[in-house]
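There is one chain below, alone, in structure tokens, taken in the form predicted alone.
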Amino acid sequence: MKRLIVAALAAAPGVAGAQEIDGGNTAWILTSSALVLFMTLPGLALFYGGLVRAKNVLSVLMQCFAICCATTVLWVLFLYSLAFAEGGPLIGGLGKAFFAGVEEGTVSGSIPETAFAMFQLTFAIITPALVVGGFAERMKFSAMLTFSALWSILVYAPVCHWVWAGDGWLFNLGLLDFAGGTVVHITAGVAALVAALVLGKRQGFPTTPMLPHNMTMTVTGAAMLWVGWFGFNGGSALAADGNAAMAILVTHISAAAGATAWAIIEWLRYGKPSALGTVTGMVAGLGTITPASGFVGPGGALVIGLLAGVLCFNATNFLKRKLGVDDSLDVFPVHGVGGILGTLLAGVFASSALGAFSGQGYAEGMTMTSQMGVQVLGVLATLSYTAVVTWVLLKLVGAVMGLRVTAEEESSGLDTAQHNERGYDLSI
């Protein structure tokens, strides 16, 4: 169970020879690290890249790539330490800055701490990359990179410590978040919504059609996300065991259920199911099962996936059509709403009476009522903290260097305006 291993790492890191490294567990976590990185590069990059207009495809790919590189550097310098080193209930200390003490023989549970650190790095990479979808097609590259770096330090690292570090306050309250409903999906979804509101709408939104320029690219990226998510959730068991197997099984079930629900709603409402809707429903199912994936069984996963497809579909339509918010690639209604729903439902379907995975369930001493109270608190705390800090960071970055490209640059496209390149040149 991820909570126990992370607690052991934060409270009493192993030393060389003190604990035995399990080769099978280590191989699985190394594989999972590759799968989760594959989710961002190329999965998310292609998924997002196909959804924007042709004049902005390269800018989205570049943003995902740059975030991967910048986050990796910060992770080595101090981000890993802030997230997982001993500190306090709100943030870790600097005891592991520059990976101090993270050596080949240092162990976390039954795996090398280097493997744990690499696996967690891939989570830190994909989270700010998800936020890109909220301000796609209109933010300066320099502002995006600065904001993403500051956001990772001031939002991702603290929330990660709250939830997964042994001395984190939500961890010690017993919050159930197996693989990132709060840490990844709520933070990314809320940050994307705040960014969309602060930057304002794209030129022409919503009267001018802004259709995806390459659905083949989007569906390909979505398929990569589905495969990579097995490492995201299954790897969060931090062992090659039955918990990992169940997490992968319920992840697949929820993804399929979410895609099916979204496609059926479109079919009934519009007469035809779309590829875009089907893959978006799949992502909604994946994001929603994430916090519950290590705690629920197949029946719970089926219900969670179906609810994800229905609720995230309606949230997407409500946010854009009713409220007129230009969250360009629907990050909040899919990841934010999905993360909230999944975190809450983890407190329901973790019950062994509802078919939860044997050996898991509520935190020690919890009933469904008390567990739900902790889940609600975790959602509210993550949501409110992320919203406030994200707003402050955007205002700060905007005051220093400006957030948005000029009207002329937005019209010509960010590929040429920000990178002096084009994603496509058919004349060559």
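Position 1 is the first residue in the sequence shown; the rest follow in order. Please read all numbers here as calculations on a predicted model, not as lab measurements.
Keep in mind the form predicted together with another copy of the chain is missing from the figure; the text below concerns it.
Asks: Identify which of 387, 61, 366, 381 has a heavy atom within 4.5 Å of another copy of the chain in the predicted complex; exactly one of them does.
Replies: Flagged contact: 61.
Asks: Pick from 243, 108, 81, 120: which residue has any heavy atom within 4.5 angstroms of another copy of the chain in the predicted complex?
Replies: Exactly one residue meets the criterion: 243.
Asks: Using a 4.5 Å heavy atom cut-off, which of 84-92, 100-108, 181-189, 168-176 contacts another copy of the chain in the predicted complex?
Replies: The contacting stretch here is 100-108.
Asks: Is residue 31 part of the interface with another copy of the chain in the predicted complex - any heavy atom within 4.5 Å?
Replies: Residue 31 belongs to the contact set for another copy of the chain.
Asks: Is residue 27 part of the interface with another copy of the chain in the predicted complex - any heavy atom within 4.5 Å?
Replies: Contact with another copy of the chain, yes.
Asks: Do residue 145 and another copy of the chain share at least one heavy atom pair within 4.5 Å in the predicted complex?
Replies: It does: once another copy of the chain is placed as it appears in the predicted complex, residue 145 has a heavy atom within 4.5 Å of it.
Asks: Using a 4.5 Å heavy atom cut-off, state whether residue 392 contacts another copy of the chain in the predicted complex.
Replies: Output for residue 392 is no: heavy atoms all beyond 4.5 Å of another copy of the chain.
Asks: In the predicted complex, do 197, 308 and 370 all reach within 4.5 Å of another copy of the chain through at least one heavy atom apiece?
Replies: Checked in the predicted complex: no contact with another copy of the chain for any of the three.
Asks: Residue by residue through 220-245, tell me which have a non-hydrogen atom within 4.5 angstroms of another copy of the chain in the predicted complex.
Replies: The stretch 220-245, when checked against another copy of the chain in the predicted complex, contributes 220, 222, 223, 224, 226, 227, 230, 240, 241, 242, 243, 244, 245 at the 4.5 Å heavy-atom cut-off.
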